[in-house]
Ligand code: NAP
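Coming up is one lone chain in structure tokens, specifically the form predicted alone.
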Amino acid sequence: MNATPLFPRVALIGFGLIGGSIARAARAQGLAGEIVITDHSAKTRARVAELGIVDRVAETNAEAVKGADLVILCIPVGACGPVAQEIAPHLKPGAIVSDVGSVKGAVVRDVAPHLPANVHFVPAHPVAGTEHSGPDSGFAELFIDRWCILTPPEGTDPTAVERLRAFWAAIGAKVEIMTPDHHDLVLAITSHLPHLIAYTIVGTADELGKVTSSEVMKFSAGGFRDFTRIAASDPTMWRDVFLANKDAVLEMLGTFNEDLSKLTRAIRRGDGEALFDHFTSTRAIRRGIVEIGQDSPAPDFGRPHANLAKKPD
């Protein structure tokens, strides 16, 4: 725990999985002298007050950001622009404003024009999460050994960028800096397209008349089961992601469709060599992800399994 807080006051707007995890981690590491939060849902605000994991729950966004040294928008990307416009008159000079959205180009375009010149805007994307949401879903360890990408606009004060980098590093994240456009292209293939595919596959299974819903759930193999986990993600967040990053997603979707057509032809023609070569190359990517510590090498992706009961003597 830090003897001196990195930020005297941190304000979080939105308190779901990411906001809740930031609050818990910042408190555990002593990174904030005071943590103030708010949320558009009165029910969520009341629950956060019950949990007792922050110093103050504000009723409005404007109230939450007053005097804050770091303001993090933990809300869907589609809401960032209007919220930035709302809080702009109440921001402390010298404050750092950031976010946690998985699209950065649209956030920069929507937020930056509303912010006064005397604050620092450093967008961020912690590449971490689960399928759960809500104020009870967060946990302090969420960001450990996960990447947080910072995308400061050109001309951003390097000192502000370094302070935010230090904040994310202190709660366990590995930090990378890149341009907003490059971030959106990378995440289109590593995150956004996989979610789109997952939503599609689960929807297809739901519409398949020859297979009942009970059979889909009962006999879900590992692949389909993992798709359902991804497809259980917050629908509001992902609606905004696809609308905000549509150009990069459509580009990656076009490439994916071309590759899918190649596999379709190989299956139709009985071209086992083409299928084997493709599967071999993609298997290497999985091994690489495990080697750099981004997933577990344990069987069944690290899921626990019950012990087989011994037969009675």
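These numbers were taken from a predicted model, which means no experiment stands behind them. All residue numbers are counted from 1 along the displayed sequence.
Below: the form predicted together with this ligand, not depicted.
**Student:** Which is the contacting stretch out of 74 to 82, 169 to 177, 153 to 161, 88 to 96, given heavy atoms within 4.5 Å of this ligand in the predicted complex?
**Tutor:** Among the listed stretches, the partner-contacting one is 74 to 82.
**Student:** Would you classify G105 as touching this ligand in the predicted complex, given a 4.5 Å non-hydrogen atom cut-off?
**Tutor:** Because no heavy atom of G105 falls inside 4.5 Å of this ligand in the predicted complex, the answer is no.
**Student:** Contact with this ligand in the predicted complex for H40, defined as at least one heavy atom pair within 4.5 Å: yes or no?
**Tutor:** H40 belongs to the contact set for this ligand.
**Student:** Does S133 make contact with this ligand in the predicted complex, using a 4.5 Å heavy atom cut-off?
**Tutor:** It does: once this ligand is placed as it appears in the predicted complex, S133 has a heavy atom within 4.5 Å of it.
**Student:** Using 4.5 Å between non-hydrogen atoms, is V122 touching this ligand in the predicted complex?
**Tutor:** The answer is no: V122 has no heavy atom within 4.5 Å of this ligand.
**Student:** Of the residues I149, V111, A188, V100, which one places a heavy atom within 4.5 Å of this ligand in the predicted complex?
**Tutor:** Exactly one residue meets the criterion: V100.
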